[in-house]
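First, one chain by itself in structure tokens, the form predicted alone.
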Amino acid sequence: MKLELSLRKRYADFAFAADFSVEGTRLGVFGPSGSGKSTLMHLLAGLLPPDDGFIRLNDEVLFDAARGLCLAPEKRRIAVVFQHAHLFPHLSVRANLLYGYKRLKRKERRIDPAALYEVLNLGPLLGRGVTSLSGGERQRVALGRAVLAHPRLILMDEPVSGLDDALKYQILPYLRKAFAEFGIPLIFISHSLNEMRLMCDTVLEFGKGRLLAQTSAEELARRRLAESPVGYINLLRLDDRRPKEDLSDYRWGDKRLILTGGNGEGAGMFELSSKDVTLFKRHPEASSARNILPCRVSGLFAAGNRLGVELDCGGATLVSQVVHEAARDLGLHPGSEVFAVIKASAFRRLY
């Protein structure tokens, strides 16, 4: 997908302006409330008329103020999934899912509903009414309805922000799987950095109605290390769980990590703050922490008054953070050897 635009929209107390060209299949729009994220979505979908500028999607003009051209929303073939699912309450789950699909010409029905039901695990829900669904189930149905309409682009506006963390991280893997399986480009709008990193490759960062940066999700996370109260969040995929008394032993790359709890759960994605990765120049003689990993410093990056330390831990990457004085005391530089010490209780399962 290639998206090019130059847009202006002014309200009494807010002005939006953006000029960019971007290519990719998983784009993120990131920023705090009031930064212009939802305004951009409404302008793209045709739900709000711009004051000036143009929008080109895959070289087709959707809006051009100079030519007096503005395609109606239904002609843009852009689906929108909002924070609230907006399902039809009088229709069953199956009827909601097939609403847009049945309105397509037969030659345009390129996605098999049964295949989609399997990817989103919707089979058990098909005969139910939508009023009996949980928040996570409703969002999966809303996504399925959008995908079956076979749009050229799906916009997702804070689709999981209304869910608690357990539901949020339950549905994100379904979203990734669906977009990978059916190859529909996505623009994912959120104020959550974790959601950006789990869902997007390229990120457009907005603030006060302006585009601040066009970057990768990883670079955005590193740049914001000093601003975040939790530091940089390492996302670790762990598998091969083995019980170890009241702890859990997981495989991470060619190493194993000890975590508290686990409750018998197997492979999953876990988060670990850079603040919880303590560095030592030599192997500590004794420590209450259950994880002591020999690592090599592969890079350093500045973030405010902190240094991010990128570690190569046997082929797997970990980021710690230190103050500049600690970096000098430890003699940190690319290639130096250190030990990363992590408590078993520092990890949190996302899904």
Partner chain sequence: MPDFAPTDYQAMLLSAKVALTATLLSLPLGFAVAWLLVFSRVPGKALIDGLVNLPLVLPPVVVGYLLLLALGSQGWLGGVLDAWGVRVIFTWKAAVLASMVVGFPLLVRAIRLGMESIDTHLIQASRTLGAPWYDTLFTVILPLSTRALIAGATLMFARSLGEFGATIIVAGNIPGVTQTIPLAIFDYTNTPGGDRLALGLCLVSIALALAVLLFNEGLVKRRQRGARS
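Residue numbers count along the first chain shown, from 1. Model, not experiment: these values are computed from the prediction.
What follows is about the form predicted together with the partner chain, which we do not show.
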property: Distance check, residue 240 to the partner chain in the model of the complex, heavy atom within 4.5 Å; result: no
property: Residue 88: touches the partner chain in the model of the complex, heavy atom cutoff 4.5 angstroms; result: yes
property: Interface membership of residue 168, the partner chain in the model of the complex, 4.5 Å heavy atom rule; result: no
property: Exercise: residue 230 in contact with the partner chain in the model of the complex, heavy atom 4.5 Å; result: no
property: 180, 212, 72, 267 - the one with a heavy atom within 4.5 Å of the partner chain in the model of the complex; result: 72
property: Interface residue in the model of the complex among 125, 187, 149, 279, criterion: non-hydrogen atom within 4.5 angstroms of the partner chain; result: 149
property: Stretch in contact, per heavy atom within 4.5 angstroms of the partner chain in the model of the complex, of 42 to 50, 293 to 301, 307 to 315, 24 to 32; result: 42 to 50
property: The partner chain in the model of the complex - contacting residues of 91 to 120, heavy atom within 4.5 Å; result: 99, 100, 103
